[in-house]
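First, one chain by itself in structure tokens, the form predicted on its own.
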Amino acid sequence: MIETIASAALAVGEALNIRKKRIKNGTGRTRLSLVTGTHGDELEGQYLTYLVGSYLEKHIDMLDGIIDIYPALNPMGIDSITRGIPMFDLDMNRVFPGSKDGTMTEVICNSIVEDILGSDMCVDIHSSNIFLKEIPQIRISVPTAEALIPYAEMMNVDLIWVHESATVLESTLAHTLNSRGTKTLVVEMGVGMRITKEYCYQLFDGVLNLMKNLGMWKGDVNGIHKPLLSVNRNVGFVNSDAAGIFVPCVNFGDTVRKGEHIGDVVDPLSSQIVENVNAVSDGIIFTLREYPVVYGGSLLARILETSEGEEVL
């Protein structure tokens, strides 16, 4: 069943419609919400929700509960390949929980929150931006870590990153839902404006496993690997000192040592290497620059401190 959960009038007789798809079977009342498309340049979740929805419809007899799929919270952003809401230059994930009596965007955000509330679990799926590529990970703020880590470990991601909460997080969908009693996991994976199919398949297995553990999936689940858990670990940020083209010589999940060569910044005009990029700490690379043009200060990589013999992939 497809229904419109929020609508607003636009110019020349058009309308902004936010829709969800509900897949329901059996007598179970457990409800899982899959949310994506908050940022118009994040497309990994589009393919993941397609995989989940199409698979459940083909194996509906294995479902005992309710799945709500919200594939595009920001449809105008997706249509125009814009991260925020077009015309307003507004990051939708800085507007929640919204308001019943506010601007168009605030009213839309309020309607989204009200519709998702009551879910037993929500998975908020994001990609990285066009500049950085991320291994599949779940990010959790410290105040919600105790409640959410057990569920995050079911999701077949490579990393669970528990980080200090910041003021800006209070205006995100995940913070709003968690603060109102709906447990919400934030997934980050891949790169903006692209679909990394292997990551989507990996998270697909994680969603089924989560459903299995919630008691709403009676089918088989592929093997789930244990993620690396980052709580109070140091994260090394590798930033460029020079402008040019960044050419890495490492990949995601690689273990590096402090001072190890991980790439170069080259200048096409002078045909020179203008910077040898080295690891700032021992650990595992879990973020790597995807868009090669860099300037002084551009983030090139993140390195997660690990214990001896610990691996992500």
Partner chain sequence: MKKSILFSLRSPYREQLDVYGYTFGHGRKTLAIVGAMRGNEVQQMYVCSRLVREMKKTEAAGKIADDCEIMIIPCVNYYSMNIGKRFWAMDNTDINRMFPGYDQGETTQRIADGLFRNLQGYEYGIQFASFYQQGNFLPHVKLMDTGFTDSELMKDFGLRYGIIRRPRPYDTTTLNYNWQIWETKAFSVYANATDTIDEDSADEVFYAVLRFMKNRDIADTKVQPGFSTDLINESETHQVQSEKAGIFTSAVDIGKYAETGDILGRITDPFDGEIISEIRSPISGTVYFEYQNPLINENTVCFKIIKG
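Residue numbers count along the first chain shown, from 1. By rigid core we mean the largest C-alpha set that fits within 1.5 Å across both forms. It should be emphasised that the depicted structure is a prediction, and the values quoted were computed from it without experimental measurement.
The same protein also has a form predicted in complex with its partner chain, omitted here; what follows describes it.
With the partner omitted here, the residue from N213, T196, S240, T144 that has a non-hydrogen atom within 4.5 angstroms of its partner chain in the model of the complex is S240. Distance criterion of 4.5 Å from any heavy atom to its partner chain in the model of the complex singles out V107 from the list V107, I149, I224, I78.
Only one of 202-210, 67-75, 179-187, 86-94 places residue heavy atoms within 4.5 angstroms of its partner chain in the model of the complex, namely 86-94.
By the 4.5 Å heavy atom rule, the three marked residues E3, Y50 and N251 all fail to count as contacting its partner chain in the model of the complex.
In the model of the complex, its partner chain lies within 4.5 Å of some heavy atom of V294. Remark: T103 counts among the residues lining its partner chain in the model of the complex, judged by a heavy atom distance of 4.5 Å or less.
Contact check for N25: no non-hydrogen atom falls within 4.5 Å of its partner chain in the model of the complex. Put simply, E170 is close to its partner chain in the model of the complex: some heavy atom of it is within 4.5 Å.
Residues are counted as partner-facing when one of their heavy atoms sits within 4.5 Å of its partner chain in the model of the complex; in 121-149 only F131 qualifies. With the core superposed, I273 shows a C-alpha displacement of at least 2 Å between the shown form and the other one.
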